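Given next, in structure tokens, is a single chain: the form predicted on its own.
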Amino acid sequence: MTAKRYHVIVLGSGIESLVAAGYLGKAGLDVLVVDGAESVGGTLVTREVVPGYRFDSCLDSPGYLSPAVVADLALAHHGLKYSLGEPLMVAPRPGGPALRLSADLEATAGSLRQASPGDADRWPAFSDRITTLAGLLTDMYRRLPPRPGEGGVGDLMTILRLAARVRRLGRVELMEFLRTFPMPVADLLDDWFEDDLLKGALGVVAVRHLALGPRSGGTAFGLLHQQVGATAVPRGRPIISGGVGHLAWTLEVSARERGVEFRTGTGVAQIVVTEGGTTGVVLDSGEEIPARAVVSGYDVRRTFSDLVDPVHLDPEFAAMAARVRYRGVAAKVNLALGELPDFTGLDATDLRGTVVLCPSLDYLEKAYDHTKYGEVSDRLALELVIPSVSDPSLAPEGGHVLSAWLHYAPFHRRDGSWGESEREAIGDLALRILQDAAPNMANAVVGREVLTPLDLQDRFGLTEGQVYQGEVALDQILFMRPIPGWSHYRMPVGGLYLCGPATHPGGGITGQSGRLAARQLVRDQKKGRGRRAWT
């Protein structure tokens, strides 16, 4: 029996793969999604680790969820419900009033005034400045990045649109944009504020999943990237009803409604390439499935080192692919709790957003100093959420689930790899830090799950534990993402595309990579671009 030949095979069932599959199905193409995991979702998966407690095991937030994707794929129709936690971010202050950052500028100013009247006065201007500058990135992330030197009509139009958008900023804002991009976030925050707790909390946002400290150049861009799509500082985290896995489920239902087929529980062993173009994939079982195009939701290393025979790659391209930086530096701890943490100065209503435990930029920088030498500091910064406050269905009555990212935990350890003892040690360290801020945590923990950077790689396919499939740094964004010269999703192997967060605009901007990759493929199909006719 001859295997069905698909228009497109999508590799992986992470969010960007599901988005790409949905758009391709909507365009009328025959699409098959293949994933070695038993269920869809990739890094967005909600599962029961401790009986009765359901965790967002890896990522606990989709980041900025593109409204266009939600509308185009009718996700609300398929049951997607989400809201922003309010306050957006809080931080307990030992011996003093807690920090509360809210979508309401006056409410935030009122919180800041307790520690620094000057900071309260400056906050509205700072929020407006950061929101304006991040707005420019938001526009850039909605479309294909211009490719310097290409000279195509599409690139020229993108440059003209961008130039018009920049011109509307005005001279002062343009100068601030150019000044801010390469700055260390510590310098930016020191220019504006006095309160160490405020600066520490915002510093954590800026270095999220970066192997950089707050005094490293380019981390102010990290803050802007994490503000894309936001109308307030910091950008709130969408709380998905039923857990982040429900977002994956709605995307799967939407894709199936558009005719997309799924094969889970079987991985891909090889992308088949013949005469410079892909002709399909070979599964781990040895079965070959033909297709006119392959869209990989995997990162550059996994796609081109593991799945494509290097004989089909230009040596220069292969060398650039090998130079993509990953450097995962975060570990994850999920806790099943019998009661809410009793943070100083915070009540249950304050715990709907993000809680940050980082007293200052100096504290965060010292934690990073250890990372440079492949070590884990004994004083980590924690960024945590308690989604059960907003969604009680995630835990038994009276119980809660807590998910915390630990900064920093380098994938590459000087003393070797991550083993069981190192996993338990960093889990214990996280608990000690939590107990310092909320003493009742000593007896509140019912169970836990600890994910080291190595676990993130082995369990979720994240190279070096990097959840963004490559650092979102100044030399790995826009036309340089994933590889300079190949930012438009179409790879040098004919019919092969990338669609994951490894591509423009990068991690934390959910749906945009998949949407843009699918649009590029459909555009190529309509133009008859490539080795084969799309019939």
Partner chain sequence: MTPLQLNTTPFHQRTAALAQGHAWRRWAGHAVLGCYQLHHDREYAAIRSGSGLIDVSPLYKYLIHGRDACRLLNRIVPRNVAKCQVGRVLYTPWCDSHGKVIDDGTISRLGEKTYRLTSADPNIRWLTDNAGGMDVVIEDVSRSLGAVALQGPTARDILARVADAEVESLRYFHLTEGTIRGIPVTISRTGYTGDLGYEIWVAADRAVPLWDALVETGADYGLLPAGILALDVARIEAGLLMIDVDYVSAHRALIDSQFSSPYELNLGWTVNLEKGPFNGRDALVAEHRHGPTWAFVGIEVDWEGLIELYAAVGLPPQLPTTAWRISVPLYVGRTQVGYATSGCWSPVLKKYIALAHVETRFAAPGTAIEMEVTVEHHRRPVAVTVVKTPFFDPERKKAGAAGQRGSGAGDGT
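Note that the structure is a prediction, hence the values are computed from the model and not measured. Numbering follows the first chain given and starts at 1.
Absent from the display: the form predicted together with its partner chain. The rest refers to it.
- Here is the short version: of Leu178, Ala348, Val172, Val311, the single residue with a heavy atom within 4.5 Å of its partner chain in the predicted complex is Val311.
- None of Arg423, Arg323, Arg432, Arg142 but one reaches within 4.5 angstroms of its partner chain in the predicted complex through a heavy atom, and that residue is Arg323.
- Among residues of the shown chain, Asp415 is not one whose heavy atoms approach its partner chain to within 4.5 Å in the predicted complex.
- Taking the partner from the other structure, its partner chain in the predicted complex has a heavy atom within 4.5 Å of a heavy atom of Glu275.
- In the predicted complex, its partner chain sits within 4.5 Å of a heavy atom of Ala319.
- Put simply, Gly286 is far from its partner chain in the predicted complex: not one heavy atom of it is within 4.5 Å.
- Considering its partner chain in the predicted complex, the lone stretch of 436 to 444, 303 to 311, 212 to 220, 374 to 382 in range is 303 to 311 [heavy atom distance within 4.5 Å].
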